[in-house]
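The chain below stands alone, shown as structure tokens; this is the form predicted on its own.
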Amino acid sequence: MKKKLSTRRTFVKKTTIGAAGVALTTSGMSSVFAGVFQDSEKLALLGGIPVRPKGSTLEANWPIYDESDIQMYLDAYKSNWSEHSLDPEEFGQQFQKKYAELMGVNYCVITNAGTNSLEAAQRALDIGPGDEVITQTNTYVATAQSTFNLFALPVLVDSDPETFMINPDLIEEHITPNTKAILPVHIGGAAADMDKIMAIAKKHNLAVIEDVCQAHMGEWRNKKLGTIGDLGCFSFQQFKSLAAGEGGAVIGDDENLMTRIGGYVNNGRDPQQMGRTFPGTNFRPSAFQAANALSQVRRLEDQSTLRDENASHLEKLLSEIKGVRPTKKYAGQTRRAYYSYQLIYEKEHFKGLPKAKFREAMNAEGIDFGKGIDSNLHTDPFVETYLNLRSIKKVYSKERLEKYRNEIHCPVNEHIGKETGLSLGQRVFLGTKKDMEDIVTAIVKIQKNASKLL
């Protein structure tokens, strides 16, 4: 039987909040935390005792492995190391079958990196010079690089301030006759608004490639993320919920597209062994990567369930206070995934304390909050690096490149990064309910003492 979530009474009794009687109702918090905050509860940043003991961490050790994982890796050593023959006994072939079943699709193609899964998906759709792909500024650089590397333009769209996802209401204004696809990113593990995105794609006859590199096991209307659009792309890099060190995959149900991807990844070899030829390169994983992925996937559901339980407990506790709250989710999101769990900081509930100072104070208490966004790609110098390539200048006119520069303004995402965004890594949610309680204990402690940090 699963252990029940702690009640609010238990939380007040067992945590620093309860012991100190912190969080006055007049501070905008629930009466469940009412009491008088003791002077002895000095902020760690000002020399007090931290909520989390020094040297401790909220994050579970990662990656997680045991002797069976090591044995799988040793088995890879005894194999041919390089996998390209399409033998069903190869680790990559085994993984493809298992992952397709887990995702609920007919096809999966494993790659050596999530970046290359994105490129292979766009190659299968014949995206190339002169084309445009609509994506978002709040994503890892690889999303845009995979498009730029095809001599196409990644059109970077601003974020929704409440979800941190691509703002679907801004997509249509960026569509041109050269637009070939929409590439939404389920950033952090939450879901983009796939209902609106799919409706826009259908209206304009555009393909949809889901970047699911941070959203393993997330769901939209009870279907796995990555199965809503035409193709779904995953990363198994070291810090992802499914970690193989490096690696990636593309999933889908369209036989033609997935066959083209299988051929492209494996130097043009026909994945169905029917003698056909395809454009190709070598995006194959080694036997070691594939073995790691195959070994790790067996614990993915259990880990995801634990993250769900801890996130639910944290959300329940946060609902009792003001000032830090989870980002909103779209109605179609039936399960969250985890890479970076996003929250919204409201400094008006902390006497105007800037987010940077709040994060510093939380870190001193032993809780390390991230900045809430992955990136502001539109301000990243890599954009100019690409726009100044001789090859890009041969494809696009000076006027088109200047127009591109002038179009990519994303003030909302910049505001999230500077003022409102917070995040916690997926490893935090592999801990305990007590860990979740410590997070809220530290938040309330800082809130009550915010004036001392101004």
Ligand SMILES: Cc1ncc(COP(=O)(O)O)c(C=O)c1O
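As the structure is a prediction and not an experimental result, all values here were calculated from the model. So that there is no doubt, residue numbering starts at 1 and follows the sequence shown.
If you look for the form predicted together with the ligand, you will not find it shown, but the lines that follow are about it.
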query: Interface segment, criterion being heavy atoms within 4.5 Å of the ligand in the predicted complex, picked from 195 to 203, 100 to 108, 141 to 149, 343 to 351; finding: 141 to 149
query: Three-residue site 372, 427 and 436 fully in contact with the ligand in the predicted complex at 4.5 Å by heavy atom; finding: no
query: 4.5 angstroms heavy atom contact with the ligand in the predicted complex for residue 114; finding: yes
query: Contact flag, residue 166 vs the ligand in the predicted complex, heavy atom cut 4.5 Å; finding: no
query: In the predicted complex, residue 135 touching the ligand (heavy atom, 4.5 Å); finding: no
query: Contact flag, residue 214 vs the ligand in the predicted complex, heavy atom cut 4.5 Å; finding: yes
query: The ligand: the contacting residue among 190, 171, 185, 361 in the predicted complex [heavy atom, 4.5 Å]; finding: 185
query: Single option in 179, 259, 266, 237 placed near the ligand in the predicted complex, where near means a heavy atom within 4.5 Å; finding: 237
